[in-house]
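Below sits a lone chain in structure tokens, taken as the form predicted on its own.
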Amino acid sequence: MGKELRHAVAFTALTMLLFGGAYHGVLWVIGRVAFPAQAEGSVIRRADGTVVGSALVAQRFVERGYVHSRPSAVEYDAASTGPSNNGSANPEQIALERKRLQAVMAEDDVKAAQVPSELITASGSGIDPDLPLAGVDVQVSRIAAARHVPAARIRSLIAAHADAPTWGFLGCARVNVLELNLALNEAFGPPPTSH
């Protein structure tokens, strides 16, 4: 009986050491060595090293000289991600999407048919950091006017920061909104504040 008990205790201690410590330690080392940026949370820093956000988390941009992010059902709060849980036929959801559509049409001076769904519907996570190129293109005229630069220069910067579909066929070409807005500031300086 004592022999079996010693074996059971030794086996328990060994498995706790291997799977409770060593396994996690090995994964941590692999992550730090093979994927250092991702292991840090895909943090985006300014040239001076200050953290401005993460490439994985959307932020709210409201100034006219910036690309506006996809709407968020959680007010861009990474601690409480998720959708609104309203279905597409819910009257509150329909009213909210109409309100968002009217706002985009007014701010970007475009027709309803030009506004992609990503600018009026929140993503499933509520903090989607990317926009498809169509969602960014709708905003180019407003951004160019606010920054007093030709729209062609804004489009050129967008093209330089566009990511192709994952593995060439999953999803669509997209732009990380935070990274693009930082690039706009770097290329043209911060936009004049609008009052």
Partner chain sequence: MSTQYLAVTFTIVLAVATSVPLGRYIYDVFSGQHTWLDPIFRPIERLVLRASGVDAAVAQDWKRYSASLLLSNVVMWLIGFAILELQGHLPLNPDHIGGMEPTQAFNTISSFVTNTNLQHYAGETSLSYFSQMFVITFLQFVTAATGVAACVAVIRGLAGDRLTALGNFYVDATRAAVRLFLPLALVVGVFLLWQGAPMTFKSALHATTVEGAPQTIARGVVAAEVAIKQLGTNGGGYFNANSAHPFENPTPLTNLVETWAILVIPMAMVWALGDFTRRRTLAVVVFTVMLAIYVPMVAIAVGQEAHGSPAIAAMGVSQTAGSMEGKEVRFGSGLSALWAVSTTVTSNGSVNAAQDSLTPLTGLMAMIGMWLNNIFGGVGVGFLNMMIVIIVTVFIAGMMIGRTPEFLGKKVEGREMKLASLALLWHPLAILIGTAVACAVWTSTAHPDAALGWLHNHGPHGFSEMLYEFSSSAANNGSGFEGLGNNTPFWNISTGLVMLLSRYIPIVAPLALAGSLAAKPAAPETAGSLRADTPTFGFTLWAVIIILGLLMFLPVAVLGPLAEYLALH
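For clarity, a rigid core is taken as the largest C-alpha set superposing within 1.5 Å between two forms. Not measured: the values here are computed from a predicted model. Positions refer to the first chain, counted from 1.
Below, we refer to the form predicted together with its partner chain, which is not included among the displayed structures.
The closest heavy atom approach of residue 97 to its partner chain in the predicted complex falls within 4.5 Å.
Its partner chain is not drawn, but in the predicted complex it has a heavy atom within 4.5 Å of residue 41. Heavy atoms of residue 153 never reach within 4.5 Å of its partner chain in the predicted complex, leaving it off the interface. Remark: residue 166 counts among the residues lining its partner chain in the predicted complex, judged by a heavy atom distance of 4.5 Å or less. Although its partner chain is not shown here, in the predicted complex the stretch 99-124 places heavy atoms of 100, 101, 112, 113, 115, 116, 117, 118, 120, 121, 122, 123, 124 within 4.5 Å of it, in sequence order. The rigid-core alignment places the CA of residue 187 less than 2 Å apart between the shown form and the other one.
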